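Only one chain is given next, in structure tokens, and it is the form predicted alone.
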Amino acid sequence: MDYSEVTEGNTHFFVPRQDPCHTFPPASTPVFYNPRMELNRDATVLLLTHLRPSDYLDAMGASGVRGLRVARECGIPVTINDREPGAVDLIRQNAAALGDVVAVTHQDVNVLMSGRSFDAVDLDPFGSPAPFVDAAVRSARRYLFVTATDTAPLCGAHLKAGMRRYFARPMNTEYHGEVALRILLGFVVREVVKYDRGVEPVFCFAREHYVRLHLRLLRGAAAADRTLARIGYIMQCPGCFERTETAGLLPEPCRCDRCDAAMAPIGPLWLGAINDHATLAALRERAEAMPLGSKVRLTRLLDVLVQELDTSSHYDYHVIAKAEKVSPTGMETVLTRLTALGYRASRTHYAGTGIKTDAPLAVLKSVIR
């Protein structure tokens, strides 16, 4: 097989040579490398330089790039695993220059995680992480990182698949990126709390075709109870833009105050904060000195996340303007008007026309008009 050398951050490694007309290797290639996920990997490397876990598992290594970068750029002992013999051979070749700091294993990932513990466990499967989360929770001592690329089931575009995989009912709304992130986080939380452990989101975001979670795990029934209290539903009116939050494992039936339609439940999902703002501020400062290929995009993401409100949904002000039959004014004008009225308001990190606010829908409509 023909290989080409790639550099991410300050890590050099080899991957199967790709057809220049295609993003991914041929289907027959056992080693998967996606250059579009560089920001995802940059975010993890940046975070790990701050968290400094004692060791790290790249549970589904493929080309091994994520684990190789963690070992080289963070100086953390890394185990890289894959079940494909061709991937394992390539990872071993790529890891040889890094010495004993990288261990390479060839196992079924659930078997590996059921038998060993790691300070930080990272799941980055092709598609849904759902079949691997339980074993990952049992394996992770302090940190659990999860990527999901099956955004269609998570956001409600493939409703039945989302319900089967995540034991939740999503809905394809104008804030579907937030729904996908919070459905996934709610699923992971329900897998964690059954072991009397809690969850603190550290750095979570939805972007393009994937959702990424970086979570801190806490021990004890009290931490689990605090975490479970953040699970609930978004109650969305099917006839207008009205929505509300309700905590609990079962939704309470309610009707829309505006049009009296029965509100439809989305969830169960996570209703709490999705980021630790002190950590984000530290990452923003740290990023300036690091050789990250996606630095411009990543720092822009961090800037928005630091300011983003913790509400579980957003309003697309262009969609509202269209419904109100007016031309949408500028985003900054809408935000300024809302804050001048005493409400909180911010941009969202996953939708350029999304606004998060604690203002009532009637106020938001009047501001847009």
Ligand SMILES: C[S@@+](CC[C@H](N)C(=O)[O-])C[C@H]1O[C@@H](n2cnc3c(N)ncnc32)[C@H](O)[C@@H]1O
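Heads up: residue numbers just count along the shown sequence, starting at 1. Keep in mind it's a predicted model, so treat the numbers as computed, not measured.
Absent from the display: the form predicted together with the ligand. The rest refers to it.
A heavy atom within 4.5 Å of the ligand in the predicted bound form is found for one listed residue only; from 302, 335, 47, 60, this is 60.
Contact annotation: of the candidates 241, 132, 210, 143, the single residue with a non-hydrogen atom within 4.5 angstroms of the ligand in the predicted bound form is 132. When contacts are defined as a non-hydrogen atom within 4.5 Å, none of 276, 308 and 348 contacts the ligand in the predicted bound form. With a 4.5 Å cutoff on heavy atoms, residue 124 counts as touching the ligand in the predicted bound form.
Put simply, residue 84 is close to the ligand in the predicted bound form: some heavy atom of it is within 4.5 Å.
Contact annotation for residue 65: at least one heavy atom lies within 4.5 Å of the ligand in the predicted bound form.
When contacts are judged by a 4.5 Å heavy atom cut-off, residue 260 does not count as touching the ligand in the predicted bound form. Only one of 65-73, 319-327, 338-346, 47-55 lies within 4.5 Å of the ligand in the predicted bound form by heavy atoms, and it is 65-73. Of the residues in 102-118, those that come within 4.5 Å of the ligand in the predicted bound form through at least one heavy atom are, in sequence order, 107, 108, 109.
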